[in-house]
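One chain comes next, on its own, written as structure tokens: the form predicted on its own.
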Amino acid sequence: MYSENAVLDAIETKKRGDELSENTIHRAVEGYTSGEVPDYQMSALLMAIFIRGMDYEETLALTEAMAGSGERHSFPGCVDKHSTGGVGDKISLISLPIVAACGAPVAKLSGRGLGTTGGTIDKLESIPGFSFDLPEERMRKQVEEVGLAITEAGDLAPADRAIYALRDTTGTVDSLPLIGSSIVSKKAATGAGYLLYDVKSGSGAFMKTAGEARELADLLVRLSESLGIEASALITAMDEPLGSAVGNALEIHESVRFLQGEDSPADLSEKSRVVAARLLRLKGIQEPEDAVEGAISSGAAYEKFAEFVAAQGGDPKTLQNIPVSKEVREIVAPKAGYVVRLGALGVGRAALLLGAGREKKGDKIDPGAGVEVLVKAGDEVEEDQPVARLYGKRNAKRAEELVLEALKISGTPVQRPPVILGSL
């Protein structure tokens, strides 16, 4: 039984800026998960942590406590990746089938989208029949037979789920120790032995600067390695949407075209290849860049994606014609010039209004809604040239206004920004 005095002692300790012991942190997490610690006390503790911070040992103890708060899987031979979220981020849909086709098994835990950040689960669920009902035994069998399985969190890291919901309503989300422990606890509970973090930086990302992104990447890698996971990280740009498609079915279509060897936006092509190669290198596969190109050019990557879809209840035959909204509105450039940016945040908000995302958990999404981006930073455009297409009629007028507000055009040429900002 966790006593009220023990929680109050933890709050007072952190209010003074002192270090919480490993035992205190574990007891607080256990007490909150079991319902013995009320919301108001955990909220006070989280706010004290938000204001005073946590050192590395405290952050590691919190990560371990949340990872061990429920059942845990074990896939030590598997690779996994985690993205900190972005607009049009479909890299998991592309890179993981490539990796699996190269002989590196993948066991991945994914989530649903919230706000302007799309979720891999929502995207895959736009495929008719696709299911995430994967108990551990079935997931393990699928990893062995197919080499790729993706599931929801389920009972993994329930303490993190509960604490995150509380952080979301108490203004304590943007705390580096709380962010790091939340991400790594879920990944540690999933049990993959090799892990790549894709930490986004830019106006459409949670971390606005490359320096902030690197600080988070450092923490994620360090926590993972302390928990016995071989980890690496990329810092990548999120000032404009990744690729062209923003929206669930639209992103499946774009991923399928890439895996089938069709021309794709340069940023999507580069990043998908870099992520896949980094995962293969983590696993110890020699000449990973050549392996990635071979998997794409031979068709093995697409075949692996189709096999994975079939294994989880989807019909691969539908991948060519997953329905998107028939309500399409084209947006044109208001003047000629060079695209400085078509901002990720504005495009993400437009897609959200159209129905491609959810404002809060439980909101119903429209899998066929979204935005197709037709220009990138550095492109030259003419007046009245199409720059984007909106799919869906919900809030279409306001969505158009948001896209136009996100579009900046200059009279002088603009250099295309880099996709990969750093690595560790």
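The first residue of the sequence shown is number 1, and the count goes up from there. As the structure is a prediction and not an experimental result, all values here were calculated from the model.
This protein has a second form, the form predicted together with a small molecule, left out of what is shown; the following refers to that one.
Asker: Only one of 268 to 276, 100 to 108, 250 to 258, 172 to 180 has heavy atoms within 4.5 Å of the small molecule in the predicted complex; I'd like to know which.
Answerer: Result of the contact check: 172 to 180.
Asker: Note which of Lys81, Arg349, Arg167, Arg341 lies within 4.5 Å of the small molecule in the predicted complex, where distance is taken over heavy atoms; exactly one does.
Answerer: For this set of options, the contacting one is Arg167.
Asker: With a 4.5 Å heavy atom cut-off, would you call Phe206 a contact of the small molecule in the predicted complex?
Answerer: Close contact exists here: in the predicted complex, Phe206 approaches the small molecule to within 4.5 Å, heavy atoms only.
Asker: Would you classify Lys186 as touching the small molecule in the predicted complex, given a 4.5 Å non-hydrogen atom cut-off?
Answerer: It does: once the small molecule is placed as it appears in the predicted complex, Lys186 has a heavy atom within 4.5 Å of it.
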